[in-house]
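Have a look below at one chain only, the form predicted alone, in structure tokens format.
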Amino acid sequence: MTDWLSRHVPKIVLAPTFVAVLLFVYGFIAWTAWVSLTRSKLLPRYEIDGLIQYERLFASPRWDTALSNLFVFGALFIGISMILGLMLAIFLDQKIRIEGALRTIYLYPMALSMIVTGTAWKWILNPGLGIQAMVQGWGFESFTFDWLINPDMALYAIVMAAVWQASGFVMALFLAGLRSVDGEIIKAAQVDGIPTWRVYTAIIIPSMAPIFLSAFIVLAHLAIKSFDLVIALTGGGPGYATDLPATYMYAMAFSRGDLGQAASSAMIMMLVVFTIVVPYLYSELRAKND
């Protein structure tokens, strides 16, 4: 009996979690895929009607705007966060005295929820309350900083807030990578008279390729599913200027009563995530097998 329990207790303990994941994750993914093939509106229908929802989706100007915004937002968010995170990590890697305090300051935004970040930046960028009002109060009446209400600049305001929150996390990843590099290699390079900047660009940073890939995967995932930051900061506006696929899906499901469109947009988002994550997982598994 004891032997039987020792073999099966872990399975029994994990069984409820396994069933819950199977039902509430993969089960609802399958349900969403099914609904995306129907003419569901406010309530779901289960008669399959082909790819009509996907045809409607890609014919929608609002969806085109959401996809374009996602590519712009994702490219800027990932690129700036990785560059800024790497610069902060290199700065902290110089063994400065107040490293602990600075590391805490840089990481603090990551401890905040996206809703809190969006609300705070909404106050900062509000033309009547934030930076613009403050600078104009100093006597610079012609100064304007109205990105939040400017349809051409509102998306960049979201990028600014997202980078502020995520760059500290990227810094922590890169700092761990910098500290894991063999110190003997660095000392040997310094003995040979190689300048510090060259040591970083030719030795240290290239050896951190797996960390760069991990940071890219995490940031890309955050960019694709960005929702709460946009809702808190701009609400998708002005107009649809800052719509992203996640906010489009929410609007279709809960504001427009169009479950078919919401489900089809959700499946496209999942497909985009898969195209990023699956090659990464494949490369990781292949590396372990080799």
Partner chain sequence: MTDATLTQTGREPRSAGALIGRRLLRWGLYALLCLFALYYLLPLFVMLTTSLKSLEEIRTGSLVALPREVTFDAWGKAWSGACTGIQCEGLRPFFWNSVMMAVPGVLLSTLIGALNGYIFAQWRFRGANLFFAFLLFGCFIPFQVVLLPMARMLGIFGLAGTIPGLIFVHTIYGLGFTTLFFRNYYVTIPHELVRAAKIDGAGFFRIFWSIFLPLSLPIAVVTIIWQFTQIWNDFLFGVSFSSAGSQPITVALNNIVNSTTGVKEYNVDMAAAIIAGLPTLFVYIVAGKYFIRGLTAGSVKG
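Between two forms, the rigid core is the largest collection of C-alphas that superpose within 1.5 Å. As the structure is a prediction and not an experimental result, all values here were calculated from the model. Positions refer to the first chain, counted from 1.
Form predicted together with the partner chain: not shown, discussed below.
Although the partner is absent from this view, Leu67 stays clear of the partner chain in the model of the complex, with no non-hydrogen atom inside 4.5 angstroms. Contact between Tyr250 and the partner chain in the model of the complex is found at the 4.5 Å heavy atom cutoff.
Taking non-hydrogen atoms only, Leu76 never approaches the partner chain to within 4.5 angstroms in the model of the complex.
Proximity of Thr32 to the partner chain in the model of the complex falls within the 4.5 Å heavy atom cutoff.
Contact annotation: of the candidates Ile98, Ile185, Val72, Ala202, the single residue with a non-hydrogen atom within 4.5 angstroms of the partner chain in the model of the complex is Ile98. In the model of the complex, Arg103, Thr104, Ile105, Tyr106, Leu107, Tyr108, Pro109, Met110, Ala111, Leu112, Ser113, Ile115, Val116, Thr119, Ala120, Trp121, Lys122, Trp123, Ile124, Asn126 are the residues of 103 to 127 with at least one heavy atom within 4.5 Å of the partner chain, listed from first to last.
Phe18 is among the residues whose C-alpha shifts by 2 Å or more between this form and the one not shown once the rigid core is aligned. Val273 shows a C-alpha shift below 2 Å between this form and the one not shown [criterion: core-superposed Cα displacement of 2 Å].
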